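Form predicted alone, single chain, as structure tokens, below.
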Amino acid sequence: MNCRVVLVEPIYDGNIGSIARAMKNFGFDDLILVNPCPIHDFGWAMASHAKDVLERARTVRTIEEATTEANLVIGTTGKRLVNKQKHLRLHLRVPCLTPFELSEKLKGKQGVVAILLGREDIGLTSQELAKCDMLVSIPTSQEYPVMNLSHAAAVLFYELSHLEGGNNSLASQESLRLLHEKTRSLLRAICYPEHKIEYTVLMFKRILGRTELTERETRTILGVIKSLRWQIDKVQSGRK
């Protein structure tokens, strides 16, 4: 299991250095920066003996570039949605796994897992969280739920540091993308309410993300959807 740490538009170079240090503390070295701030002397100083992690870090412009070839994309959030609209809570950010629960689900798996860490001020946006297969949140006090970015990262890295590789290969990103696309197409074929389609596809994405599908399982589901579409087309053609 390869855990890739993706920092999305970090504002402070000190946090970048601190996260690099935390990564090395727990055995991680794959760091990607999405549109980061410049890293000055303070950032390098905060990295301490993990300067090699910063030196190897790659800089990209989009999350899509950062998650290329990732089998699973994990979004992190410290936001609470108690006062948000019900459909957002149901479809977008819940249920959230704890870091421990995430590590338990990834046991015995093989592949690349991209962990997205958001901005210090607003975290990951709703649109960015919608791109994730699973969501993780650290259960903190309701009085002050949002942690410092580097502190939250250290907690997450600690829980994931115990992972050992396995033989269960996760589905490829391309197969998962195709599965979401075919699900959307199937919903339209059965005249599912258009205004509900995207939220429903997102819900399916959350459900399937939590099952950590293998490539074989994904291809089996795609085969079932193909058969359903064939039957639907056959019935519709007979009515004409």
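If you're wondering where the values come from, they're calculated on a predicted model, not measured in any experiment. Numbers for residues come from their place in the sequence shown, where the first is 1.
The form predicted in complex with another copy of the chain exists for this protein as well; it is not shown, and the discussion that follows is about that form.
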*Quick one: from Leu31, Ala50, Val201, Leu208, grab the residue that has a heavy atom within 4.5 Å of another copy of the chain in the predicted bound form.*
Ala50
*Choose from 121-129, 69-77, 108-116, 134-142 the stretch whose residues reach within 4.5 Å of another copy of the chain in the predicted bound form, heavy atoms counted.*
134-142
_Heavy atom of Ala154 within 4.5 Å of another copy of the chain in the predicted bound form_ = yes
*At the 4.5 Å heavy atom threshold, is Met46 in contact with another copy of the chain in the predicted bound form?*
yes
*asked:* in the predicted bound form, is there a heavy atom of another copy of the chain that lies within 4.5 Å of any heavy atom of Thr220, even though the partner is absent here?
replied: no
*Within a 4.5 Å heavy atom cut-off, is Ala22 in contact with another copy of the chain in the predicted bound form?*
yes
